[in-house]
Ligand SMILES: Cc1ncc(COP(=O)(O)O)c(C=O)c1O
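The chain below stands alone, shown as structure tokens; this is the form predicted on its own.
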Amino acid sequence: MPYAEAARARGVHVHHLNIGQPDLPTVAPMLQAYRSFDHPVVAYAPSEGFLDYRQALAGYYNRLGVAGDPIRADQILVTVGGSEALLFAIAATCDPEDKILVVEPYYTNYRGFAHMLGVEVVPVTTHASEGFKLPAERVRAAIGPGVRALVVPTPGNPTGMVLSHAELAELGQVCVDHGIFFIVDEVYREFVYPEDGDASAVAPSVLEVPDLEGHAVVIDSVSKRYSGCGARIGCLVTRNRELYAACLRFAQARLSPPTVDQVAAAAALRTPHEDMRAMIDAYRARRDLLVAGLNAIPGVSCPTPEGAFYLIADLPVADAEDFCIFLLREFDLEGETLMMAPAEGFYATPGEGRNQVRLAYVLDRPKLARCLEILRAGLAAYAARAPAPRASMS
């Protein structure tokens, strides 16, 4: 960010593909709920969240299809964004010096929250050549003493990987066999792009897998689904009563999830299907443009993500962080440049991801096309300059 701010101070326009902040409008029912809120006092909400909102969420999950008994409101804990749900889940399943398995490249807060709690991250590496898929046996081989949970995003940030029902079931069985929890981050559930163009498709949920009642924990959020990142409403879903009770104690310690935002989040559940479809179609079109454009640049490659709105791309550079800083500090194309996220920070294994970047396709297609022009020109300029060590703000 300091390099981006310095570029803007020089009058350079910076295109941000480094962060997953959607540019699509927040869904209309959510905005209307904010405008209509007329309570005389913005009071505390119950620590577990408003009952009517949790009941509405239970209806949402049950319509997706769940294995066994329907999900109930008392199995849903409303949280301050999906991040708090993740923090609670790790804190409830682990003691300090315990371990969690994470799939790398991974959402960086998995490691951040684990570090906050004194929990060690054990990476299970996936590769672009495999479409970032996660073989169950690779997970099984990584489980050792002190491992308490497996944390998996599907659809995945930062790779866009989507696990099938069969793959979720295989991973769930590994967790059952080893007596560990299965924490599944399903924040991007609706953002899937099947080859057949099925307009009703959503990513399979761990809630659909039978016999995981004691092990499965779902992390969810309204941030991306309804383009409401600032609303800060998420939830944790589990049928494990003891785990739920532990998470509720954390929730009671922080008192209350946001009151007005829960009202807005409940309204968001009423978003018409055609509006959600339009959002998903927009992301699919952006993905297709970006993937094709990246793979057309000499030396650049990336697999086609199946979901979410992120991808990992390999660049023809030895140090992607140095290249990203170069774009901001030394390069512009007719007054424009590009900000990307170096992918090395999405890995725990030293040296992994050093030539990769993560891109979020959260800009419209004309802007993405311009970003591809900037990247192509930037790579050529970077290759032509004298080799330099990794840049420093000093």
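The structure displayed is predicted, hence computed values, not measured ones. Just count from 1 along the sequence shown to find any residue number.
Only in words, not in the display: the form predicted together with this ligand, which the text now covers.
Across the options 277-285, 159-167, 179-187, 258-266, residues that bring heavy atoms within 4.5 Å of this ligand in the predicted bound form belong to 179-187.
Out of the listed residues 173, 227, 271, 83, 83 is the one that sits within 4.5 Å of this ligand in the predicted bound form by at least one heavy atom. Interface residue among 244, 132, 110, 323 relative to this ligand in the predicted bound form, by the heavy atom within 4.5 Å criterion: 110.
Looking at residue 232, you'd find a heavy atom of it within 4.5 angstroms of this ligand in the predicted bound form.
Residue 310 belongs to the set of residues with a heavy atom inside 4.5 Å of this ligand in the predicted bound form. When contacts are judged by a 4.5 Å heavy atom cut-off, residue 221 counts as touching this ligand in the predicted bound form. Residue 305 falls outside the set of residues with a heavy atom inside 4.5 Å of this ligand in the predicted bound form.
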